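Heads up, the chain below is alone and in the form predicted alone; it's given as structure tokens.
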């Protein structure tokens, strides 16, 4: 099923993201965790792509297995970094053979060790190429606070509009911890002519180190209210996990109450965290 069909239905969608292993011996453990999340019946599940395409084979295998064995709609990633035209063709053909109808297209991160050759400079380039040879549904990424490499927020929106014009069917935001940032972004995106569905990306923070890593990667603002939660519970793992699940759940509830229907959770292969959020929203999602 195409994700745009899900997003066009008059109901709330809640999806989860998982990542494949870097080594073959870890595949079964990751698959088991992903299947436990699929058992929660999310609207769909995305499967990430390692830096420089380092996990490409595992991404495709995990996505295909989830689709076949659980019936969940899947959204495997494909990145510009590490993708020649030949590599992109192989991945697209593999997804088509597996009857996977959705691809998340990203520029991607450079692997440790420096530069890597690619035939696609921007995500919009890869999106246009995929659309020229397939009718798959394509998702893209967006940054409510602006991409760290953009000159300013207006410049960032121009790049985002280029993705949409190239054929991007929907967008998912980078994590944010202050919903007002997302609401402001929706307004600015609309003014810029970006009229595809935008999913709110929520990251449940369940330990203090995870917050530090997330902020370092994305540069997202952390409200003082949430910093106080982390400072209070960071030395109590069980309490911090519970507080992180509750904070993410409250974010989602506020989003839904303000008319946001589509939420994507960066669940990091943590089935217990995904289950905690689902339990907190059980009546709301009905």
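Numbering follows the first chain given and starts at 1. From a predicted model like this one, the values you see are computed outputs, not experimental measurements.
What comes next is about the form predicted in complex with ligand FAD, which does not appear here.
The stretch that touches ligand FAD in the model of the complex, counting heavy atoms within 4.5 Å, is 166-174, out of 89-97, 166-174, 129-137, 202-210. Here is the short version: of 106, 72, 198, 189, the single residue with a heavy atom within 4.5 Å of ligand FAD in the model of the complex is 106. Contact between residue 83 and ligand FAD in the model of the complex is not found at the 4.5 Å heavy atom cutoff. Though the partner is left out of this view, residue 162 does reach within 4.5 Å of ligand FAD in the model of the complex, counting heavy atoms only. Although the partner is absent from this view, residue 156 contacts ligand FAD in the model of the complex, with a non-hydrogen atom inside 4.5 angstroms.
Proximity of residue 141 to ligand FAD in the model of the complex: non-hydrogen atoms within 4.5 Å are present. Although the partner is absent from the chain shown here, none of 16, 67 and 261 has a heavy atom within 4.5 Å of ligand FAD in the model of the complex. Residues 77, 79 are the ones in 64-102 with at least one heavy atom within 4.5 Å of ligand FAD in the model of the complex, listed in sequence order.
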